[in-house]
Ligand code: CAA
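In the block that follows, a single chain appears as structure tokens, in the form predicted on its own.
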Amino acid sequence: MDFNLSEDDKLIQETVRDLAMNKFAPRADEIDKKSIFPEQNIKELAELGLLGTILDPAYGGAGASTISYSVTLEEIAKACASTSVITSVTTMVGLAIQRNGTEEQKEKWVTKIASGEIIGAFCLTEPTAGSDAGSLKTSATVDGDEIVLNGQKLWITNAAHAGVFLVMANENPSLGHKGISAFVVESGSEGLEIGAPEKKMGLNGSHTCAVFFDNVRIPIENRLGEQGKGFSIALASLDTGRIGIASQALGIGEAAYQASVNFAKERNQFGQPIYNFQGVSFRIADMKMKLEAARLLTRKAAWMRDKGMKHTMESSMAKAFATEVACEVTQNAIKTHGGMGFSKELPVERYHRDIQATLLYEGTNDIQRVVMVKNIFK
């Protein structure tokens, strides 16, 4: 297995790093403090084709490797974690439509996602269906040549700004998760209502909302894939999405690590830089070691996807390990910075707030362990 970046991967990495450090990083503090949706960031990513990194060039995507996709999200997250998760979810929606859609569906929606004309929202979680996603209650009823949707979704990233919603709804509740189908709902559909953005601990530029479906009528042609295949579409989407979240966590953790290295060089106590004290230097060494281990797990999952190999367990391992490592790193970054780490004057406290959501979305880390166990003992 060769996880080294190809020349194309390196070019994408350098391009994203330059954009993120020069444009996104200076905006990140205001985005966080004022809960501003980073519209300009998304526009600039779209102009460089980075909303469609792994989408097919036939539909306007870059056709890059999953490793390039991972590197892209990591570099964005170093500067602005909110922009990173917006990009990750949008790509996941576009990829699901590309993988399962008809040619007409791909031309209609994937091209718009790749160009940045619209972003996507992935609608799975409900009030009574979080980790137990197969128990969702949102219903889909066939009425002539239309589907009628009724129900509620919670914690939907991008909901307030999405042009398309990928919705999992049950056409036949008696079949359990085998009755779930996937549907594409366009913004502005009658009966589609978006709740107010949730007030969250972090990722304040990523607006997360409830979504309500009150007799929302869509053409039956908006069903994505076969009837009853919605749950498998969701799970396959999450396999790739979890690589994205692991990459986001790596970016946040790397930013916290680098801030700690810089601070340890600049901060003097007892007549010397604080990195001369083992209590500080060993902590930073552990940050580096664990982030590298997490990066290897993430690269392996991305490499397996590029090779067309089943990577469900590897994506879950990468997501759980990378997010937990990054959480530890951001906490230790605060310790390294002392009192300044607790202050909003420096970004390390934002890193620690932003990382918390990565432990929860696209499957809590407890669910990742459930996935691992199923694969270990199958």
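As the structure is a computational prediction, the values presented were derived from the model and not from experiment. From 1 onward, residues are counted along the sequence shown.
One more form of this protein exists, namely the form predicted together with the named molecule; it is left out here, but the text below deals with it.
Proximity to the named molecule in the predicted complex, taken as a non-hydrogen atom within 4.5 angstroms, holds for one residue of 222, 181, 100, 125, which is 125. Site annotation in the predicted complex: the residue of 82, 157, 170, 91 reaching within 4.5 Å of the named molecule with a heavy atom is 157.
Residues of just one listed stretch (104-112, 192-200, 131-139, 214-222) have heavy atoms within 4.5 Å of the named molecule in the predicted complex: 131-139. Taken together, the three residues 242, 361 and 374 all come within 4.5 Å of the named molecule in the predicted complex, as judged by their closest heavy atom.
Under a 4.5 angstroms non-hydrogen atom cutoff, the named molecule in the predicted complex lacks residue 65 among its neighbouring residues. In the predicted complex, at least one heavy atom of residue 238 sits within 4.5 Å of a heavy atom of the named molecule. Residue contact check for residue 232: one or more of its heavy atoms lie within 4.5 Å of the named molecule in the predicted complex. Within 4.5 Å of any heavy atom of the named molecule in the predicted complex lies no heavy atom of residue 19.
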